[in-house]
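To begin, one chain is listed below as structure tokens, in the form predicted on its own.
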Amino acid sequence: MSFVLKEEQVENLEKILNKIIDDGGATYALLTDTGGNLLCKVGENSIDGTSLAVLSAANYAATKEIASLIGEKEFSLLFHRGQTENIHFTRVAPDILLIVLFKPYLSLGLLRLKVNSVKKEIKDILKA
């Protein structure tokens, strides 16, 4: 799978990811394809976005296989809770993952609402 995004598409995707940070309380967000290729990222953390994209895609693929082993198509929720940072994974398009880091004091439900509210916008930009 390969994507070629125009500069304008990347800028618009970054604006959407910034909305998750500004309005949703997240600290870092990135989009990657399921092959682990980083599409764009936003946030103030000094996280290696490229490595995070690759590892997140691998994590998502492994979890999808686990779901298959137990007879599920996929899990609707995939996230990890840490002491200082949580991470939420969601598939926003067939081959695109949105990875969001957020603080433990932020409600997972609130974050999921915010993520769900931007999924259509992301899909529309990727189709353009």
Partner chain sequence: MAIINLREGIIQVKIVYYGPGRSGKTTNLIYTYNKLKERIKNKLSSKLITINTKGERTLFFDFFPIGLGKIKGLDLKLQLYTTPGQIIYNSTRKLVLKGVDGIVFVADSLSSRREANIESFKNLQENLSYYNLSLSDVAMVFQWNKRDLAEEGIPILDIEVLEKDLNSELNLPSFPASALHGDNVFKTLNIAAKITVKSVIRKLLGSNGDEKMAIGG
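Please read all numbers here as calculations on a predicted model, not as lab measurements. Positions refer to the first chain, counted from 1.
Below, we refer to the form predicted in complex with its partner chain, which is not included among the displayed structures.
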{"query": "Site test, A67, L78 and P104 vs its partner chain in the model of the complex, non-hydrogen atom cutoff 4.5 Å", "finding": "no"}
{"query": "Partner contact for L110 in the model of the complex: its partner chain, 4.5 angstroms, heavy atom", "finding": "no"}
{"query": "V54, heavy atom within 4.5 angstroms of its partner chain in the model of the complex", "finding": "yes"}
{"query": "Distance check, E14 to its partner chain in the model of the complex, heavy atom within 4.5 Å", "finding": "yes"}
{"query": "Contact of V92 with its partner chain in the model of the complex (heavy atom, 4.5 Å)", "finding": "no"}
{"query": "Within 4.5 Å of its partner chain in the model of the complex: residues from 16-40 (heavy atom criterion)", "finding": "D33, T34, G35, G36, N37, L38, L39"}
